[in-house]
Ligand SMILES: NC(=O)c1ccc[n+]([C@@H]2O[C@H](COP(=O)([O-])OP(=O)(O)OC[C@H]3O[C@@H](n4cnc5c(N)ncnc54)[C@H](O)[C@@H]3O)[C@@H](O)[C@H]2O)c1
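This document starts with one chain, in the form predicted on its own, laid out as structure tokens.
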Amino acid sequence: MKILITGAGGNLGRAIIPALTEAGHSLRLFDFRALGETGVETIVGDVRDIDDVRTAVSGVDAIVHAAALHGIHLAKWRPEDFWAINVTGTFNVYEAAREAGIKRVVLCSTMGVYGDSARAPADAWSVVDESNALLPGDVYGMSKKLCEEVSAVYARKWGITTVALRLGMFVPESNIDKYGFRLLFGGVDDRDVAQAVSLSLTHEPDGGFDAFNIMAPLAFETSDAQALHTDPVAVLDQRFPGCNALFAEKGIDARPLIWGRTLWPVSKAMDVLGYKPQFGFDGYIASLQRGTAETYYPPQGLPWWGI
């Protein structure tokens, strides 16, 4: 396909551009910054400007819409910026796609759409799948919920097939142990993100729209939710026998690394989308045992064209 990637200079672009290129797709990269000498067609523009978006979508077969402000931007950006970039920007993408006859979009959404629905009870961890209500608790989650609603309308009324990916955390992490432990509660490896995007480019959802949680494979059983609240380290050793002794051997203090209180099953994505996450906490543990943990998570933090 000829694929437009909006916000291509961000983390999502870093994760997916090499994989989509390797798969044989022809890419056009759209970002508000000049991306330098990438060897790929690039366009500088702003999703808030519909004429820029019209130029960007011309002649493509599909769009991966990644341009957005994220949760990390809440401290420095105004609510109206989230509306303009996330909501108006997404409307512009869909309206330009409708005008151009483009029939497929992959929408990069977020686990943040669940908001208060993901809040853990007092005596257990929460379990959040796609059946949970979308109750965003901040302007970021609200904006992304509205983006999903826009895409569902364009799917229903104008036949623009959309898969929304509610992505877990995959920002670059320099500490291998923080990376490994975040795979327990909402983290996801870049390479699994790329797999989910690739699958979404050909998936045909019922009604033209569907949404999927995209995280690492679930390391626990959902029945562990209460025990995890009581003693997460003990439950971890039950699921990964000997891991606490391994942590002691490696000088790793597990308790401060267990900061999440939410379990994120990805069974819907596996059953419906065909998602097969390859990089989970079990792989991190195995790499610690082999003494090769640094190679489990490849070097991060560079723009994709620097990798």
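The structure presented is a predicted model; accordingly, all values stated were derived computationally and were not measured. Start at 1 and count along the sequence shown; that's the residue number.
The next section is about a form of this same protein that is not shown, the form predicted together with the ligand.
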inquiry  = Suppose contact means a heavy atom within 4.5 Å; in the predicted complex, does that hold for all of Asp31, His70 and Met169 with the ligand?
reply    = yes
query = Is Cys243 close enough to the ligand in the predicted complex to count, meaning some heavy atom within 4.5 Å?
reply = no
request  = Please run the contact check for Val163 against the ligand in the predicted complex: heavy atoms, 4.5 angstroms, yes or no?
outcome  = no
The ligand contact in the predicted complex: Tyr140, any heavy atom under 4.5 Å = yes
request  = Flag Ile85 as yes or no: does it have a non-hydrogen atom within 4.5 angstroms of any non-hydrogen atom of the ligand in the predicted complex?
outcome  = yes
ask   = in the predicted complex, which of 106 to 114, 229 to 237, 152 to 160, 196 to 204 comes within 4.5 Å of the ligand (heavy atoms)?
value = 106 to 114
request  = Identify which of Arg48, Arg261, Lys268, Arg54 has a heavy atom within 4.5 Å of the ligand in the predicted complex; exactly one of them does.
outcome  = Arg48
